[in-house]
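Quick setup: one chain, the form predicted on its own, written in structure tokens, and binding and motion questions come after.
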């Protein structure tokens, strides 16, 4: 099993190790999976290809890395201005998302199951403060997946790099800004040493959904009990990764601010312009690509039904508790 993550990222790669450990425990070590970090067998951004062509049986990755093959793959990780982690879990399990994604993954000789989720991500590290959309023009920005297509409409020059390649590019000035996940990982990667302006929210990832991919032929060969073990352990790793980020991000954010990071919200005109550009992009792709439209229509309908309930219960409770926490 290859992963898109270096060993230094102990939550993303740690989730892969946790998954493999649980498979052994569930099956009394009759079924074992050996994990390999990014670069040990294949580069971090070639996991889907390695599983598809049978170089390895399994991989753990973010499907939006491969949006160039088909933009609809971005739904497997995060549609910009899409779903949060709770909504993503529900859409995949009960809203038809899992089935729709696997219809798409069949074209790549893969079966996929959700495994690991980052929760809402940060907007990234910028050398210079952003005042308006004008400051985005010509900005060389490492941004994961499909969001670069949207940001390009605002003048950004998007770059997609694996985790281990980001810091050197930022340090050398090849990048003006970068985003990864959030405080816990960003602190480990050291971005605050080069760029001090830390922006939020990462509107392109209301959650960052990872997937376990299995070569389709190998999946079909597995006994039903081992398929069930993969499904169960993937679900456990989904919770493990999200829980670890929710524990690590708050303290990491405090440390980053104490070390000099300037926490800043994206200006409202950047948020609105980005939302408009995203909506235009989705309309264009829905006309040109039936698979994208099918997934988009499913997600939008689910999101529309989900938010009123979350506004009543979740937002009402969280807003009250956050006010009292600050007090």
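Please read all numbers here as calculations on a predicted model, not as lab measurements. Numbering follows the first chain given and starts at 1.
Heads up, the form predicted together with a further copy of the same chain isn't pictured, but that's what we're talking about next.
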item: Distance check, residue 240 to a further copy of the same chain in the predicted complex, heavy atom within 4.5 Å; value: yes
item: Heavy atom of residue 314 within 4.5 Å of a further copy of the same chain in the predicted complex; value: yes
item: Exercise: residue 278 in contact with a further copy of the same chain in the predicted complex, heavy atom 4.5 Å; value: no
item: Contact flag, residue 171 vs a further copy of the same chain in the predicted complex, heavy atom cut 4.5 Å; value: no
item: Contact at 28, 120 and 183 by a further copy of the same chain in the predicted complex, all three, heavy atom at most 4.5 Å; value: yes
item: Listed range touching a further copy of the same chain, judged in the predicted complex by heavy atoms within 4.5 Å, from 298-306, 33-41, 285-293, 50-58; value: 298-306
item: In the predicted complex, the one of 152, 222, 194, 228 near a further copy of the same chain [non-hydrogen atom within 4.5 angstroms]; value: 228
item: Proximity to a further copy of the same chain in the predicted complex, single hit among 98, 106, 86, 128 (heavy atom within 4.5 Å); value: 86
item: Residues within 4.5 Å of a further copy of the same chain in the predicted complex, restricted to 310-327 and counted by heavy atom; value: 310, 311, 312, 313, 314, 315, 316, 317, 318, 320, 321, 322, 323, 324, 325, 326
